[in-house]
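Let us start with two forms of the same protein chain, each given on its own as structure tokens and named structure 1 and structure 2.
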Structure 1
Amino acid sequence: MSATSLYVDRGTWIHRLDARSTLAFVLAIFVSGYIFDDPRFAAVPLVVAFVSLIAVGGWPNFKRLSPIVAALFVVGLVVWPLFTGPGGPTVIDLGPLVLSERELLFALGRSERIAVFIVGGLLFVTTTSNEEIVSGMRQLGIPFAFCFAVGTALRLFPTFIDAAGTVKQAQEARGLDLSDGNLIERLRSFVPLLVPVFMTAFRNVNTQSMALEARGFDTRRDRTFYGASSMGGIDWAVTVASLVVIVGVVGLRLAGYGTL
């Protein structure tokens, strides 16, 4: 992974796909993860996305974001039981903390859903360069201003992570201990990192916007793309298979599968 992109240059079959068919493949993973409440069903697209990500060389990207994935997963397990009613036998009974089977499965399913979106998104940006993403979205007829915003956000994301690592090291040098205490205390110790990290991100965005204005950048002009690809046979096969998966999971949900 470079400092400006999450893209990993490999020769896998997913890397060779057109950006539009890769987007269809990832969209099928997103829909499959989103549509089911039962964590046993939602686990299938999560496993597919994770195995695919590792197979295409995306482990460094996942390892880098694993603290965020783990934090969101744990927070989801804590928060989501508040949004559903109890049902089934009691699974956890720790004094004031009582969780029924339905509450626990609901929270686990929602946390898996968030993980599917993160891992699936990582799979997309790991196998598709920023230029291919912008070109593919433009070929789908999406306005260039939106395509440019997506490409810029993806380009700034690694910089944002690097800035977070730099701020973390600077705060630890000043005595901040991020490894002491229980889980809640450790999460709370990350709060002092938020202000300098976001200030750094805002400064980078402001610098880039001024540079674009100085060069007379205009998103309303028609654009051409160097090396714009066309859909081949494998691309159409993946796209059709993805659409079949989307229709299939929607049909399963309407038939009552994957609900709690």
Structure 2
Amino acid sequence: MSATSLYVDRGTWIHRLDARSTLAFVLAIFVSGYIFDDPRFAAVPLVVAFVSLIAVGGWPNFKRLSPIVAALFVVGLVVWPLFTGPGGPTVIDLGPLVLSERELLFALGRSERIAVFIVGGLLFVTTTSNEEIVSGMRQLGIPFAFCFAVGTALRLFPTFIDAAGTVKQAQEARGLDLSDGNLIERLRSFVPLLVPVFMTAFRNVNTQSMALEARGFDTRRDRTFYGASSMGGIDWAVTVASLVVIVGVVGLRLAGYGTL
């Protein structure tokens, strides 16, 4: 895992899936997390996503993002009771702070939903490389020019991050202090960083375009991808199982399960 990628290169069964099947699997987790308000039901996709993430070697990724997950979880718990109606017995009564059972369960369910989405998304990027994401997009029918732009941006941005780091060190060596002053002053101090970074980036647009055209670049013709994969038996099985899960959880919800 590099500083600019969350992909973990392993040979697990999820890693071996076609990008489209992985997306279907993650989509089933997203829908299951979205469909239920009751935290007891929302906990199921959360556990599935978390266990899958750990199984594919995503613990370092989760650890890296755990402050954000925890912060969002707490924000959800604090904010949602203010945006929903009370119901059921009082669970917490601390003077001005009164929480009914419904408010608490609702907030917990929403926080779990946030966690399901983050952990599910993390599972996808942990098991799918940049190249697989781009070729999967093309195989899903997204136009080649768009896929090319995404692929090029994915290849370029680590270079720009390095350039930003170098410029930052150079400017700090010359006395630039990014942590001093109020918010406006701190933002202003970013100007000496941003100008060199993006002028460096745009200086090469014309040359790169000429190089592409010299090699016969044409967005209107169909192109092939070196790493394009085809859907095998396991891919179809996972896709069908994911669709069954999606239909199943929608059915459960329509039958009245998982509501508050």
Partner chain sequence: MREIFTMWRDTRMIMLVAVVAAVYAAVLIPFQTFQIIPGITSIRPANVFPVIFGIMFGPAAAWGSAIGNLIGDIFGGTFGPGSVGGFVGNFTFGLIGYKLWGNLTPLSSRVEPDFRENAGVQLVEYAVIAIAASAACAVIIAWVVDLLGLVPFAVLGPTILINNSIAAIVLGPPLLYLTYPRLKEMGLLYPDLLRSEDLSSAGSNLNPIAAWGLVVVPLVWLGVGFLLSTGAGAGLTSVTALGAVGILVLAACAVIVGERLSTIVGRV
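Since this is a predicted model, take the numbers as computed values, not measurements. Numbering runs along the sequence of structure 1, starting at 1. Throughout, rigid core stands for the largest set of C-alpha atoms superposing within 1.5 Å between the two forms.
Visitor: Since only one of the two is the form predicted on its own, can you say which one?
Guide: Pick structure 1 here.
Visitor: Taking the rigid core as the frame, does residue 143 move its C-alpha by 2 Å or more between structure 1 and structure 2?
Guide: Comparing the forms between structure 1 and structure 2, which are aligned on their rigid core, residue 143 does shift its C-alpha by 2 Å or more.
Visitor: Superposing on the rigid core, is the Cα displacement of residue 169 between structure 1 and structure 2 2 Å or more?
Guide: After core superposition, the displacement of the residue 169 C-alpha between structure 1 and structure 2 reaches the 2 Å mark, so yes.
Visitor: Taking the rigid core as the reference frame, tell me whether residue 27 has a CA displacement of 2 angstroms or more between structure 1 and structure 2.
Guide: Residue 27: C-alpha displaced by less than 2 Å between structure 1 and structure 2.
Visitor: Once the rigid core is superposed, tell me how far the Cα of residue 212 moves between structure 1 and structure 2, in Å to one decimal.
Guide: The alpha-carbon displacement, core-superposed, is 10.8 Å.
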